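Okay, here we've got a single chain as structure tokens, the form predicted on its own, with questions on binding and movement later.
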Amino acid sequence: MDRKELKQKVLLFYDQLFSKNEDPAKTSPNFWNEFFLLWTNQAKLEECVGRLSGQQLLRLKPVFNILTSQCVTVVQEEHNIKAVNAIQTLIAVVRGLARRGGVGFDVIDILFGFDVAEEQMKKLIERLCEFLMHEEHPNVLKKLSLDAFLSLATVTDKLAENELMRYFLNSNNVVLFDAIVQLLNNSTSRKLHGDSAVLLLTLLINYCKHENQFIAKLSILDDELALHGYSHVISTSLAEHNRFFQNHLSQSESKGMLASVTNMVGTMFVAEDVVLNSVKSDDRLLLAMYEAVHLNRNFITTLTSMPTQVDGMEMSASQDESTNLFVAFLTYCSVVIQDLKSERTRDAAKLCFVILTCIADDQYANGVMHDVNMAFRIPLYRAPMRHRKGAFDKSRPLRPLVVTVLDLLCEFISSHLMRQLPNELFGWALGIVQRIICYEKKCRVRLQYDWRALWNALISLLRFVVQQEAHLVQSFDVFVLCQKVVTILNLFITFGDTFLPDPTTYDHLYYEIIRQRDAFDNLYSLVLRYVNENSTLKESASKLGNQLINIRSIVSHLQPKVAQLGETSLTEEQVLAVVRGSYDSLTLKLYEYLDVVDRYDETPQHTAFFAELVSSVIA
């Protein structure tokens, strides 16, 4: 009998199963044995269940209860073929029921019956975890077990509407977390199943976060091998995406290449013959990295590590800096933040900035970023602009990680001065800059960096906001954004002598303020107009005016002295000489809380964002 005839026979079994509201084994004693020996036709079974009416489902409830019970029983047996068919059958039935409007308590009752649902799910979860944890079980069963978990977790668009997830979080089922950790521990299983394992853990973490034991388990996980395995799954996929993008970019000379290639942002989980959906791949990979960085401080140590051995097996000689998660992530960020045309790509850019915010919040991570002994050459993508073509900057020197982070943020600020200004993303970018500077001020780290690039980017942002104020003010409070910029500049003015590399750099700060004084004069004029007009933005404008006191004092104190030189064209050195000779007579205001930044907290402000993000992963 060929495979086609077997498929036809299983369809007859489906017809027989749903033709009566009783156990078919009553009339055919060998029914279940034959049923699970036939290859499951998941598409047909799902379609068959999905088209049943509400009345038919209620009538067939005993049949579904028996079918589910038989699936769970067969999975316990030591018969791989029957186990595979039982798992596939259960997945198809659940999907078919979910097509009718989610998975609520009514579906749980139809599947299992309320009285035995918890016991049946416990047996199923424990058995699937056995397949994952024990090496004697074939990889096909491991893959199918993960597919089953993922299918059960993603049958609804919103996790909160999936009542099956409650059984995963049952305190008796912590074995599932252990099974995932064990998969990540082993190099062979991680290579085959790592992406599915990481995705499953990410989904489990995002269900009912206020009472989620998986969050607690991940937050205290200190298994170094498992954490490195988690990191390796993400970094490998990110590095593959980066190579994919660079290859396409180098092969095209079209001016419109960015639009066509960035639509592929997110195709990171790449098998040899399958490229997964870009939306899912993008969101789930970043979400997995976010959860680890946000919840587990031990994970921070894996960002820059590249173990030479995993489970006693030498890593491929072709692996280079791209296997370093932080390096691959920064290169990937440089691509993501340049395409903000759709809500999906804007969300991806926001998630990149949230991850960087969590990293910048961590004292140890900041130390790693500033460590001069941990230097990397990290290519960053620079989008096409009027004065340049889009390309990867591969000529960058070996520098500490924080240099690349600051370059990335400067590039974002400079390349997104547009009428549809992404205000929220600018807020995240400026917050990261402030956190880095606060760390340097606190620890007196004198970073060798071209700070003028950052100052010019910040002042250009202020200049742009003033020019486009009439348009931008319709979308957001422009004075709040400017306050964030001026706060950073005040950090340099007030504490720059404690963290800038040398006195000359501090002198150049004043030079840039004098050179671009018109930007601050125009900003202050804008402030006065809103304050005097008694606008609804009067309060935020007034706060900004107060923050401009030091900058205006510098300009009013130094500009007359510069003018006294009586030359129409002054050299930089002439102005710097005036600056150096004027510090003693300059009076500045000491602002409070400049170096205090609230730590990132997901709840409640960002809860809705992550709920939508998880839904996009599932969709």
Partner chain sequence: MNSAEEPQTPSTVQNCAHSQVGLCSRCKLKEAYNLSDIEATLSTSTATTAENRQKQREEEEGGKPAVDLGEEAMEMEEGRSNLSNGQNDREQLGIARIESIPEQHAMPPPPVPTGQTQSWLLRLFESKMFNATIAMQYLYNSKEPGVLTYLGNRLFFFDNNEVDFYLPQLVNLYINIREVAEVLHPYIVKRCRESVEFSLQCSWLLEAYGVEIYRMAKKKPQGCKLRNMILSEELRPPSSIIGPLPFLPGGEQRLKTHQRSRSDAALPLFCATTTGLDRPAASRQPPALAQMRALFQYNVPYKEGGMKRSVSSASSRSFLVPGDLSSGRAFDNGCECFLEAEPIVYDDVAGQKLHCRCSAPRLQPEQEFVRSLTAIGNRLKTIQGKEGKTARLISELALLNLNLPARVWVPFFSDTLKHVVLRIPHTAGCVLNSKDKAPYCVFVEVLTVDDIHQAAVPQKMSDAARSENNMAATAEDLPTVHFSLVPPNGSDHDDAWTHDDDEISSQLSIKLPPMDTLSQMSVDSTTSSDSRDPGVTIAAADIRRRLSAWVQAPKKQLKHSVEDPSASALSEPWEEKVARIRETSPYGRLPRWRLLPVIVKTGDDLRQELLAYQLLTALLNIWEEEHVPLFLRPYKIVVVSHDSGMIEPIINACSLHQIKKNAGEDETRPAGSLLEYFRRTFGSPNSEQFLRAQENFVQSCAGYSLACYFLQVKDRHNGNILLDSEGHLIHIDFGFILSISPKNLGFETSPFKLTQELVDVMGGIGSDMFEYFKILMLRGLIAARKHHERIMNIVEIMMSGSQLPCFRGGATTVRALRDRFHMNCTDEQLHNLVDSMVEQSKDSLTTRLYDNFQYFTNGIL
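Positions refer to the first chain, counted from 1. Predicted, not measured: the structure shown is a model, and the values here were computed from it.
We do not show the form predicted in complex with the partner chain, though everything after this point is about it.
Query raised in the report: Looking at 494 to 502, 528 to 536, 200 to 208, 341 to 349, which one sits within 4.5 Å of the partner chain in the predicted bound form if you count heavy atoms only?
Result: That would be stretch 494 to 502.
Query raised in the report: For this chain shown on its own, do R100, S334 and L408 all sit within 4.5 Å of the partner chain in the predicted bound form, going by heavy atoms?
Result: No: no residue has a heavy atom within 4.5 Å of the partner.
Query - N373 within 4.5 Å of the partner chain in the predicted bound form, heavy atoms - result: Residue-level check for N373: yes, a contact with the partner chain.
Query raised in the report: Contact between Y506 and the partner chain in the predicted bound form at 4.5 Å, heavy atoms?
Result: Answer yes; at least one heavy atom of Y506 falls within 4.5 Å of the partner chain in the predicted bound form.
Query raised in the report: Q363 near the partner chain in the predicted bound form, any heavy atom under 4.5 Å?
Result: Contact with the partner chain, yes.
Query raised in the report: Contact between W39 and the partner chain in the predicted bound form at 4.5 Å, heavy atoms?
Result: No, W39 stays farther than 4.5 Å from the partner chain in the predicted bound form.
Query raised in the report: Looking at I220, C443, V116, A160, which is the one with a non-hydrogen atom within 4.5 Å of the partner chain in the predicted bound form?
Result: Answer to the contact question: C443.
Requested in this report: Using heavy atoms only and a 4.5 Å cut-off, determine which of R452, H248, R297, H471 is in contact with the partner chain in the predicted bound form.
Outcome: So the residue touching the partner chain in the predicted bound form, by this definition, is R297.
Query - Residues of stretch 208 to 235 in contact with the partner chain in the predicted bound form (4.5 Å, non-hydrogen atom) - result: Counting only heavy atoms within 4.5 Å of the partner chain in the predicted bound form, the contacting residues of 208 to 235 are E224, L225, H228.
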